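Okay, so here's just one chain, in structure tokens, the form predicted alone.
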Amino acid sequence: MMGVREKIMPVQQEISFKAFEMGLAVKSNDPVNGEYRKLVLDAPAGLLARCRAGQFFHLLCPQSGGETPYLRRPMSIYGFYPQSGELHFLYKVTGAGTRALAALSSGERLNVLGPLGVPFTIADHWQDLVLVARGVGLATLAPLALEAQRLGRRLTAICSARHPDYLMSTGYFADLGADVITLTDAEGTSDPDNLERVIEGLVAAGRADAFYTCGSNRMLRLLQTIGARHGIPGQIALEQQMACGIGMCHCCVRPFNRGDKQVHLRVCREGPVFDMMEAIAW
């Protein structure tokens, strides 16, 4: 593809990924409910082959419709499909950058940089995986569900939202063979006490070898408590403001607990996926 600039991105766990900056054509950009949209880009096989669950791209939002977003926007990968040549993103329109993204039409081009960051991992002995997320946080976990199916792991997806109309990806998780549990504010089922009861029930049934979550401080604290109580490990994909996305600007630094020390790490470079027990909630 014309104008491709290749960058080498060494990351944790002695893994090295190549990231590319290129312009991709928009295949579709449609609403999925009253709050979220799905952006589908036409992507080459070489780019898609390098994508992993939990990674993200840095998107150069267009200046259109009166919007003038300056910095790139980090966006987790919702899906990557080499067989169809598609790269998917799920997003909520909240500001200038996402409003500009929402204005993109089929055939227009979007400049992307990626894939970036440290992905999720699934240990060989983790047979029963529990995914817990709320709202658009489920977008980050969707590729992980696909990987779990490929590896033949059992999966429970706990999906939370303000209202049933805003539940995300439940059909997608069910199609992958996951047991889907939905919790909503409107139905009075998403409070922390009930979520704890649901997760403790999975632990008691022997259906929780590892936890995976994204973003929410409330869910992070709860999963850390349950994980410590039962010795269950987990991973979290953190959301953070990012300027460069490649570790140079140190805009996304957060504190983490490592052993008996507190260290400061870049979410874009040493993450966005971290050990759940090391993350510190704001």
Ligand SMILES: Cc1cc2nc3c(=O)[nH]c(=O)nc-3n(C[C@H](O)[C@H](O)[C@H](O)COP(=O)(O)OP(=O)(O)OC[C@H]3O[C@@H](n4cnc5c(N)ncnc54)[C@H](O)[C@@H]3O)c2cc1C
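Don't overthink the numbering: it's just position in the shown sequence, from 1. Everything numeric here is computed off the predicted structure, so don't read it as measured data.
The same protein also has a form predicted together with the ligand, omitted here; what follows describes it.
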property	result
Within 4.5 Å of the ligand in the predicted bound form, all of 134, 191 and 215 (non-hydrogen atom)	no
Region of this chain that lies against the ligand in the predicted bound form, out of 177-185, 91-99, 163-171, 120-128 [heavy atom, 4.5 Å]	91-99
Contact of residue 41 with the ligand in the predicted bound form (heavy atom, 4.5 Å)	no
Contact label in the predicted bound form: residue 113 to the ligand, heavy atom within 4.5 Å	no
Contact flag, residue 223 vs the ligand in the predicted bound form, heavy atom cut 4.5 Å	no
4.5 Å heavy atom contact, residue 72 and the ligand in the predicted bound form	yes
Residue (of 139, 159, 145, 199) lying close to the ligand in the predicted bound form, criterion heavy atoms within 4.5 Å	139
Listed residue (241, 257, 28, 33) with a non-hydrogen atom within 4.5 angstroms of the ligand in the predicted bound form	241
Members of 259-277 lying within 4.5 angstroms of the ligand, judged by heavy atom, in the predicted bound form	272
